[in-house]
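One chain comes next, on its own, written out as structure tokens in the form predicted on its own.
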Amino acid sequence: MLTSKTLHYDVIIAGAGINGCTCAYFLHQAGLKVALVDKNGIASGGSGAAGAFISPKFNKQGPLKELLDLAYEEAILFYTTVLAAHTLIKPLLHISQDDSEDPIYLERSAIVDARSACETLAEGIDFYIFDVQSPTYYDNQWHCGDIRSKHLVLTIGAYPKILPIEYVGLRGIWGHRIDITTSSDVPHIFHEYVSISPTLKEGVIAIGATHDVHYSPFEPNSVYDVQAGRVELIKKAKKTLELNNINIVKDCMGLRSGSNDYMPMLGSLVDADATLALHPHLQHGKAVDPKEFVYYPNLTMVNGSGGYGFVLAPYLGKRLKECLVDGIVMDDTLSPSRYFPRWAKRKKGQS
């Protein structure tokens, strides 16, 4: 429990990374009373370790590239207006790792100071540090400790689930970014084997975020080798640029959250038990209109942005605000419920 007094809000947002802070910002600006909650602090997970580069997707045509092209335009406008003091505009050179494509030069890209950006977005919003576990819904309200609200928004990334939503396809990817000083000139942002960029801190260069698909912070007795991660980052960076007299200033690490189909998630969450009780034939592969699923009331997930978290956050936050405040229906293609039918059929095979 937080206090001896019950606190009432319009929205509780669980998770204070870039998605949580951006959603809180848009809802707060729209006049809603928002509580932002995190177990460890603002930008304490994957967002704090992110490279926080603002660029579109350069290859592989398809729905994700189309979405990221839209999100990129919104992100550049958002960061250069709302968060101008925490955003560095620089050109970007994207180099194909296998030389299968010509290098792409983007005149207008950016890097964001991740932690200070999240902290600025959360200004004026009630923030609480505690571990939300098994929130409950009754009396038309969500209950999280002593906090009550009509809406609950989950932006906790790939960290342990706080509700039984096992069907949501998330991949946890360990990110490691290093900030360095070097005598070499880094005039703009480079994307090749890793990302290399100047930062808002004079003379400091960011390298990363790389990922280690084999490491999980949740495995017993599992320890990440920070020194080996540094060596890998520098080795890959030197394939792009000659970097001399390197001094490591800081390590930033955290778990990034990607979806199994690489598209982000924004939408309501299915109550699996209630839906299977109503539609048991789902477990035999019979199609059911997602409108007939049973959903948790007033519960929304924003998740699965992978390496594009800072590009997608303004787009997703604005769409959430449009739904909760303006009554605009969310895009079904981003709904986490897209994973539910296949999970239900696989669950039958496992029972």
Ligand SMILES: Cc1cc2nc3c(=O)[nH]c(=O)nc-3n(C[C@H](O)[C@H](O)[C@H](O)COP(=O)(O)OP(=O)(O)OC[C@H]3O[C@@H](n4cnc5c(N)ncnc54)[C@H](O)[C@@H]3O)c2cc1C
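We number the residues from 1 along the sequence you see. Predicted, not measured: the structure shown is a model, and the values here were computed from it.
Although it is not shown, the form predicted in complex with the named molecule is what the next lines describe.
Enquirer: Considering the named molecule in the predicted bound form, find the one stretch among 307-315, 320-328, 293-301, 279-287 with heavy atoms no farther than 4.5 Å from it.
Expert: That would be 307-315.
Enquirer: Taking the shortest heavy atom distance, is Ala16 within 4.5 Å of the named molecule in the predicted bound form?
Expert: Looking in the predicted bound form, residue contacts with the named molecule include Ala16, since a heavy atom lies within 4.5 Å.
Enquirer: Hey, in the predicted bound form, is Leu255 touching the named molecule, heavy atoms inside 4.5 Å?
Expert: Output for Leu255 is yes: heavy atoms within 4.5 Å of the named molecule.
Enquirer: Would Pro264 show up as a contact with the named molecule in the predicted bound form if we use heavy atoms at 4.5 Å?
Expert: No, no contact at 4.5 Å.
Enquirer: So in the predicted bound form, does any heavy atom of Asn59 sit within 4.5 Å of the named molecule?
Expert: Although the named molecule is absent here, Asn59 would stay clear of it in the predicted bound form, with no heavy atoms inside 4.5 Å.
Enquirer: Just to be sure I understand the contacts: of Ile165, Ile125, Ile246, Val132, which is the one whose heavy atoms reach within 4.5 angstroms of the named molecule in the predicted bound form?
Expert: Checking each option against the named molecule in the predicted bound form, the one that comes within 4.5 Å is Val132.
Enquirer: Given that the named molecule is left out here, which of Tyr193, Tyr159, Tyr215, Phe190 has a heavy atom within 4.5 Å of it in the predicted bound form?
Expert: Looking at the other structure, the residue within range turns out to be Tyr159.
Enquirer: Using a 4.5 Å cut-off on heavy atoms, what residues in 40-60 are near the named molecule in the predicted bound form?
Expert: Result: Asn40, Gly41, Ser44, Gly45, Gly46, Ser47, Ala49, Ala50, Gly51, Ala52, Phe53.
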